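First, one chain by itself in C-alpha cells, the form predicted on its own.
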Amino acid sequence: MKVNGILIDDTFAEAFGMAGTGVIITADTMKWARIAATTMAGFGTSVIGAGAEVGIDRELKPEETPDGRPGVRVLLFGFSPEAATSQLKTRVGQCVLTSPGSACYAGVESDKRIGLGQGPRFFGDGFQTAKRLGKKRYWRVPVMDGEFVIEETTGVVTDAVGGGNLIILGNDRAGLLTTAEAAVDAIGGVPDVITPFPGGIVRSGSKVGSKYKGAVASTNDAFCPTLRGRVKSELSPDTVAVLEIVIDGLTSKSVADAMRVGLKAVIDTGAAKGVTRVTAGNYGGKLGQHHYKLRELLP
C-alpha cells in the first residue's frame, strides 16, 4: 500500500526474546553523566558480535535520580540474564567506575535481580564499605576523586525483545539519512527502548549465514544497490540506498510503540527526501516469536 507517496510493504518485523536490564548513571553534571553513559554503551551494537546491545534510554532530571544529580538511564540486552550480568560487570567497571564524579544505581525494577556492584566493589581492595537503606544495599568504593557509590543489584526482565526493525529505501542517500535520523529522534521519545547502532541507524543490514565457514551473518545482498543484477535483488531500479533502524525494548509493547512512531516520522517526512519504500526484516516467522506487522503500525 502507498501512504503519503511511500510504499509500505505488507510484511512484518521479526524479533527475538532477550534479557533486559538497566542502570542509572549520575554525575555532578549532565555532561559527565552523558560521557559515562556513552562510554558504557560503546561497542554495544549487535549481540552477535559485541556480546550485548546497549544504549541510552533517556536523560533524567535531578529529581528523577536516587541521589538528586543529573543522570542517564542506560539499557543493556543479552541472550540471557547471565550474559547480561557479565557485560554489565565489565562495562560498569571499565566505563562508569572510571568516570569522574559518577555513581551507578539500578535502572530496572524487577523481582529478578542480577549483580551490579558485586564485582566493581572489589576495586576498593578491602577499603569498600556497604550501607543499607531500606531494602537496598549500596557500596562505597574509595577512588581518587572521592567515593564511587554503586547499588548492589539491579533488576532484569526475561521477556524483553530485541530486533524490532524498520528498513527504509530511497532514491536520495542524503535525504534517506535525514529521514532515518528523524525516525530515530521520534523513537527516542518512547520509554524503555534503545536503537543500539551508531546514531540509531545501521547501513550494513545482515542475513543469516555466509559462504564462509564460521561466519554467522553476512551482508544482506538482496538490499545492496551495488549487487543489483548479480543477486536476487529486492530493490527497484531507482533505489540508491537502504538504511535500517533496529529497536530493542524491555517489553513487546515498547518495541511496537517505537516502530509506530518511527514509521510515522518516515511517512511524514520521507517522500520529500526521496524515500520510496519501507519494509521490515524477518525470517519467515521461523526464528523469532515477536512479529510486528507494518500495516498494524500505520498512523
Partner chain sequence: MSGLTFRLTSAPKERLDLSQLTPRKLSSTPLAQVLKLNVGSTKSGLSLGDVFAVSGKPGDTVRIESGSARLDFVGAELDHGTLIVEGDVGVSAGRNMRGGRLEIKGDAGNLLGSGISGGEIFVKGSAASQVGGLSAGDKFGMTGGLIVIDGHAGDRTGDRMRRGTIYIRGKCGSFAGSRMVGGTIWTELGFGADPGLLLRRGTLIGPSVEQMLPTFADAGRHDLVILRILSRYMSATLGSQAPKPLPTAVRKYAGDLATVGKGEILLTA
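Values in this document were obtained by computation on a predicted structure and should not be read as measured data. Positions refer to the first chain, counted from 1.
The next section is about a form of this same protein that is not shown, the form predicted in complex with the partner chain.
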If contact means a heavy atom within 4.5 Å, which one of 169-177, 222-230, 67-75, 197-205 is the stretch that engages the partner chain in the predicted bound form? 67-75
All of Ile24, Gly51 and Arg91 within 4.5 Å of the partner chain in the predicted bound form, heavy atom check: no
Answer key, the partner chain contact in the predicted bound form at 4.5 Å (heavy atoms) among Ser80, Ser218, Thr98, Thr129: the residue is Thr129
Which one, Ala160, Val190, Ala103, Val156, lies within 4.5 Å of the partner chain in the predicted bound form by heavy atoms? Ala103
Taking the partner chain as it sits in the predicted bound form, is Gly134 in contact with it (heavy atom to heavy atom, 4.5 Å or less)? yes
In the predicted bound form, does Pro237 come within 4.5 Å of the partner chain, counting heavy atoms only? no
So, in the predicted bound form, is Arg113 in contact with the partner chain at a 4.5 angstroms heavy atom limit? no
Evaluate Val149 for contact with the partner chain in the predicted bound form, applying a 4.5 angstroms cut-off between non-hydrogen atoms, and reply yes or no. yes
